[in-house]
Ligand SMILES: Cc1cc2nc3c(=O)[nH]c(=O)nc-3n(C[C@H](O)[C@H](O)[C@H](O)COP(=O)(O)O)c2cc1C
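Take a look at this one chain, the form predicted alone, written out in structure tokens.
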Amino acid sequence: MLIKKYIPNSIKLLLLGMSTKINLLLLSFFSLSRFSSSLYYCFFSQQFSREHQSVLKARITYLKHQGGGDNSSVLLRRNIHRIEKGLIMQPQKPIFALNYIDETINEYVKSCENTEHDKEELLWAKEVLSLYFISIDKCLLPQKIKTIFEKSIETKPENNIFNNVPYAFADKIKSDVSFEQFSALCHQRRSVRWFQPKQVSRELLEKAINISSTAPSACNRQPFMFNIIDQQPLLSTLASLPIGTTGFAHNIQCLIVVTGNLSYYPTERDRHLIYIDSSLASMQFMLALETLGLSSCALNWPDIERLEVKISQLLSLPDTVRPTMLIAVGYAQTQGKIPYSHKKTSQQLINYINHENCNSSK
């Protein structure tokens, strides 16, 4: 601090410039290969250390519990969805899913023994498995699996109708929302930072979250959770954590901490899905809020170690659960201002790719 205080600004700028050049040289050298990049993050930077540990602990948790939970099973949801995709293939194969059907049935049976398990999830699994058994060529199914099917799964639905299985595109729910109406809703949704001092209705939040669950999710795992904080003093403590809430944290009436659970996945390759899936759900959540008279502001949550530690402690999050986004929610002040925030046009965001302008490897 003394050196900073007494050395001239010209020397400070010179040292800063030298530091930038040295840093660029080091980064350029270590980026030459994957191995050298790993060395850099092993010895010179710990920015990914939390992610490394979280992913490893998540894999352990998944392997110990095989994706099972208190009232839902990740393994069951994933495999039933895989079977659904097999049932909609054109043409449908006479037999498929042989490499995981045994695992799926065993998980279904185990889940049925859990009195706390979500009954609607079990009904969906049962009907899809029943349709699978009806649709395939049973002569190609191993006798062991056939026996388990006949013992554990009722293949005939009530009233001879399945309600929770793949259906024709022509039969899907149709809305009367036009492009112009949807465009108006998207333009209506703005990031609002000034709210009325009014308690946010939990009933409305639950409605919006129900809609958010219809967002696409990889293999229907839905690895996210909406943690609602609307009580003091925890609300004020959490609202002040994101670096983007300076100046208006005190005005936030309700805060949603969206988290993603890495233990929903058995391998490292899927580690980013918690961010993708939770973001898809969060966008639908924020649009739904607009239709219910509520406003929101998505708060940036960069991976800053001290803040990650703090929020994990405050919310008692296990190492396998990561905050992916924070969302401020409330009833907007009618005279409160919002940024104009000019958006890019489609011409700026689209890149049409054809054979001539891409590098094809042979």
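If you're wondering where the values come from, they're calculated on a predicted model, not measured in any experiment. Residues carry their position along the shown sequence, with the first being 1.
There is also a form predicted together with this ligand; it is not shown, and the following applies to it.
Taking a 4.5 Å heavy atom cutoff to this ligand in the predicted bound form, the contact residue among F162, F149, Y275, F248 is F248. Taking a 4.5 Å heavy atom cutoff to this ligand in the predicted bound form, the contact residue among N354, S346, S341, N351 is S341. The three residues L205, Q253 and G330 each lack any heavy atom within 4.5 Å of this ligand in the predicted bound form.
Considering this ligand in the predicted bound form, the lone stretch of 310 to 318, 34 to 42, 50 to 58, 294 to 302 in range is 294 to 302 [heavy atom distance within 4.5 Å]. In the predicted bound form, this ligand lies farther than 4.5 Å from every heavy atom of P266. Put simply, R77 is far from this ligand in the predicted bound form: not one heavy atom of it is within 4.5 Å.
Put simply, R221 is far from this ligand in the predicted bound form: not one heavy atom of it is within 4.5 Å.
When contacts are judged by a 4.5 Å heavy atom cut-off, K138 does not count as touching this ligand in the predicted bound form. In the predicted bound form, this ligand lies within 4.5 angstroms of at least one heavy atom of each of the following residues of 177 to 209: R189, R190, S191, R193, in sequence order.
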